[in-house]
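Take a look at this one chain, the form predicted alone, written out in structure tokens.
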Amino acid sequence: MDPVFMAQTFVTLLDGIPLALQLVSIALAAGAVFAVALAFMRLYGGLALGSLARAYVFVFRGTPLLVQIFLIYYGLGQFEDVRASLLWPFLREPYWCAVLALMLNTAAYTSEIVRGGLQSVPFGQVEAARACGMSGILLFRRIVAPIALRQALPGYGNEVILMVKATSLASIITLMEITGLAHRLISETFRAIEIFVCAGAIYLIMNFAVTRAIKMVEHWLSPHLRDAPDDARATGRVAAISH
């Protein structure tokens, strides 16, 4: 391997980071809102809405993201009604097709994480809050949401990492993010190993930053474990899981 070439390649591939971050941030933000709606449909939406949400989750979790991107980018344009709709100026653009595919995919996975977090809230704590006079929005804000968020955060952190890596699939519909730039460099230089090593290193650095950020949020949401020794932290995690 040529260190000079790899250094130049690394700098070149850095130009793809802003696009990758745009894709993942928009998809995660929109997907989180949709995921919360899906989770509430599953838990409180009755038979009709619950079945619709389960079907959606089953389809998007059971099919590859690559296929979903292809269907959205190449498939929707086959319908005359779609081409005549107000959405066509967006759906004909690779950028928005990639965002839509990533958003729909992460919403399916995140909805299950949110649902698991909500179901992990101990019933006794909810009953105690109601006995103290809490109800409705106050109960959800003070008791349910903080506990559910702490329980769901590790799983959601994994989903964020997966979405960062999933942005590499956007290159198949001509987007020049990190992997897209890597493919272009390979076609020009035919030095695939060095280029993909550099691309992998960039994704590794990005996901390291994500894991550190998730750990900081988890630390902030667990004040009772901040100054505890390691064995107490482990005991606290086991107790939380057992509930």
Partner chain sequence: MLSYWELMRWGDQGWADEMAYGALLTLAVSAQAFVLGLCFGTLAAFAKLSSSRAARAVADGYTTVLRGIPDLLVIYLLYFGGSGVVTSIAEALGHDGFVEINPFFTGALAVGIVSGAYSTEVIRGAYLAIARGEIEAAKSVGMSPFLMFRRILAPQILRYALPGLGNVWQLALKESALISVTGLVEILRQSVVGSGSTKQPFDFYMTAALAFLVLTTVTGWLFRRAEAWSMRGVRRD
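It should be emphasised that the depicted structure is a prediction, and the values quoted were computed from it without experimental measurement. Numbering follows the first chain given and starts at 1.
From this point on, the text means the form predicted together with the partner chain, which you will not see here.
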Q. Just one of 172, 138, 128, 87 has a heavy atom within 4.5 angstroms of the partner chain in the predicted complex, so which one?
A. 172
Q: Name the residue from 49, 204, 36, 29 that puts a heavy atom within 4.5 Å of the partner chain in the predicted complex.
A: 204
Q) Exactly one stretch in 96 to 104, 146 to 154, 161 to 169, 115 to 123 has heavy atoms within 4.5 Å of the partner chain in the predicted complex; which is it? A) 161 to 169
(Q) Is residue 54 part of the interface with the partner chain in the predicted complex - any heavy atom within 4.5 Å? (A) no
Q) Looking in the predicted complex, any heavy atom of residue 134 within 4.5 Å of the partner chain? A) no
Q) Does the 4.5 Å heavy atom contact test between residue 216 and the partner chain in the predicted complex come out positive? A) no
Q. Taking heavy atoms only, is residue 76 within 4.5 angstroms of the partner chain in the predicted complex?
A. yes
Q | Residues of 55 to 94 having any heavy atom within 4.5 Å of the partner chain in the predicted complex, listed in sequence order | A | 58, 59, 61, 62, 63, 64, 66, 67, 70, 71, 74, 75, 76, 78, 79
